[in-house]
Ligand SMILES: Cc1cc2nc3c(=O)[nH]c(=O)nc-3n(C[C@H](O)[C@H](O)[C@H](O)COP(=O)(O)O)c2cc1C
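Listed next as structure tokens is one chain, alone, in the form predicted alone.
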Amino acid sequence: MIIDNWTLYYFLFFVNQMKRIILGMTGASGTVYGLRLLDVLLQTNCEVHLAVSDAWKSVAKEESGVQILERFTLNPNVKLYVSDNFAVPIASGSVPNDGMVIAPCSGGTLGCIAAGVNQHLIHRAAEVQLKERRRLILLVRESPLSLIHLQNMERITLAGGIIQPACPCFYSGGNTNDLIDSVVARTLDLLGVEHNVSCRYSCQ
């Protein structure tokens, strides 16, 4: 019996209990959020379907010097896609997943998704999440926000997406890594991924 790739994908999704998360990274400042989120998702045994924009690569080189292909492609739980390839599972509504995060999400990406414009794979994957009523979280990195940004956020929210601004908490006293982890931890909570990242607020 011949099993095509799509049938195999369905089989692995329902038999394998690991969560399947789509992670998009676009060209806003704050590349560290997406990289840290990717690290934790892999630590929690998630299968990550990763797509990065060309703009992200430029920003990442300036902010962290990280070469995404060299650092993560050797991990068997990472499926890396070229941003201009639409013939992949995350571009199809017929392929299941447990949620999608765009971290960081640029203002341009926010606008494209709100308008239903697919300039690259990340936009298409986000459109699929909305039309299939699946979880979509946008970690928006833009400041200050114009009326256009706010209206686009409203459209995404009305369509079923979640806007999560990269607003860290200061419970830990302001350590940089803790500030980053507080945003990553909140994102993991929204995805429904169990984790031990960051401390939670306590009244005690």
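One-based numbering along the sequence shown. Predicted model only: the values in this text are computed from it and were never measured.
Although not depicted, the form predicted in complex with this ligand is the subject of the following passage.
Select from the listed residues 44, 157, 164, 29 the one whose heavy atoms reach within 4.5 Å of this ligand in the predicted bound form.
When this ligand is considered in the predicted bound form, the option within 4.5 Å is 29.
Counting any heavy atom within 4.5 Å as contact, can you tell me which stretch out of 87-95, 72-80, 128-136, 105-113 lines this ligand in the predicted bound form?
Selected range: 105-113.
Can you check whether residue 55 is within 4.5 Å of this ligand in the predicted bound form, heavy atom basis?
Yes - in the predicted bound form, heavy atoms of residue 55 and this ligand come within 4.5 Å of each other.
Although this ligand is absent from this view, report whether residue 59 comes within 4.5 Å of it in the predicted bound form, heavy atoms only.
The answer is yes: residue 59 has a heavy atom within 4.5 Å of this ligand.
Using a 4.5 angstroms cut-off on non-hydrogen atoms, would residue 141 count as touching this ligand in the predicted bound form?
Contact check for residue 141: yes, within 4.5 Å of this ligand in the predicted bound form.
Using a 4.5 angstroms cut-off on non-hydrogen atoms, would residue 124 count as touching this ligand in the predicted bound form?
Looking in the predicted bound form, residue contacts with this ligand do not include residue 124, since no heavy atom lies within 4.5 Å.
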